[in-house]
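What follows is a single chain, given as structure tokens, in the form predicted alone.
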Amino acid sequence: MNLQIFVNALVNAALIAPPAMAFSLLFGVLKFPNFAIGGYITIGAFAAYTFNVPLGLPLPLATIGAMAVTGFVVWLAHVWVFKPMQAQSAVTLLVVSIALTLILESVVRLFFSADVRGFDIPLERPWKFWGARITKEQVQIIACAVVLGTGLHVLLRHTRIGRAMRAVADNPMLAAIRGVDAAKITALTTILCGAIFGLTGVFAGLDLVIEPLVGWNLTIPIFAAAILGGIGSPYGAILGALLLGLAEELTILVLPSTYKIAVGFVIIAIFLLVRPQGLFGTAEIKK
């Protein structure tokens, strides 16, 4: 099998895994699948572009700015849109989140138009090894994804805030009885996940292009990776992203690349029928 397939799969996984982990964290705390992630990623990509190109900041500083802006936007969406509707069903909130992502993308299109843009970085030839090619930016994306995954593991398993996040996700009422401020932890989780979506926007701008639909195009793969690993399981989301990336690249061997996005839909359909809890999720016990 061609080594390039594994390289491409690894890059795809590095692009999808961080937002899939954030999606699972948000689901665990808010208890509904938030499809506004596409709009959040688009906001992150264009915030980084604004800091990098019109304002002339180096890309690392532009990335930090984009993470801050997106974290604020996600927190604002939680406070203004989803928190007042928390008594509504998960399906209702899902529909509202789809509407929100369309609104965010329309706002971006209003100010930036639909033109394709890119960061102000020098063009370099890809590195070659054993017949495979990989760019410097793709290596940086993989390295950042590994560091982020490790950081989230340390946060969730070895810090007081991480244990509070898991407690609120498992049982908010019991967590409140044990003295955990669920409202504060929820706000903190939304800001953290927003920062991750902002970072994903930068990744997408480096590996793909910056345009208003950049986040929407990643939504189905992110959702598929989260379902494959088990919604609510950040670690499952990492494995789901790896398997999805490999499946998408293997699809190209037998089908045109235009069918690549269909892999996500197929995985979602199969797992919802056969194993809705995903690989690492826990089946819901119905009384």
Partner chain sequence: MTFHMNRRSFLAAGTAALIVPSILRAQESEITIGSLTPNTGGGAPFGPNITASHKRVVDAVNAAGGILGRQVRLYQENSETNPETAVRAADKLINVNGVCAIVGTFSSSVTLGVMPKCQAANVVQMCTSSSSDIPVSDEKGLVFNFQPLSPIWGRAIGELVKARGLESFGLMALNNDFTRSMMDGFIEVVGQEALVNEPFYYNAQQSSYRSEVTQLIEKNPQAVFVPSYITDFTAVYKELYRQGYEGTVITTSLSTGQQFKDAIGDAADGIVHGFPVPAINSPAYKEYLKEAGLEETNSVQHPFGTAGRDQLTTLLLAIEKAGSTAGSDIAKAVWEVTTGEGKTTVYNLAEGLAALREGKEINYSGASGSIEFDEEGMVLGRDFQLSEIRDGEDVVIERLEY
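Numbering follows the first chain given and starts at 1. Because the structure is a prediction, the values reported are computed rather than measured. Take the two forms, superpose them, and find the largest set of C-alpha atoms that agree within 1.5 Å; that set is the rigid core.
Same protein, other form: the form predicted together with its partner chain, not shown, and the subject of what follows.
Although its partner chain is omitted here, in the predicted bound form all of 123, 209 and 260 have a heavy atom within 4.5 Å of it. Site annotation in the predicted bound form: the residue of 83, 133, 163, 153 reaching within 4.5 Å of its partner chain with a heavy atom is 133. Taking the partner from elsewhere, residue 140 is found to have every heavy atom lying beyond 4.5 Å of its partner chain in the predicted bound form. When its partner chain is considered in the predicted bound form, residue 118 lines it closely, a heavy atom lying within 4.5 Å.
At least one heavy atom of residue 205 is located within 4.5 Å of its partner chain in the predicted bound form. Residue contact check for residue 229: none of its heavy atoms lie within 4.5 Å of its partner chain in the predicted bound form. None of 186 to 194, 75 to 83, 210 to 218, 172 to 180 except one has non-hydrogen atoms within 4.5 angstroms of its partner chain in the predicted bound form; the exception is 210 to 218. The rigid-core alignment places the CA of residue 256 2 Å or more apart between this form and the one not shown.
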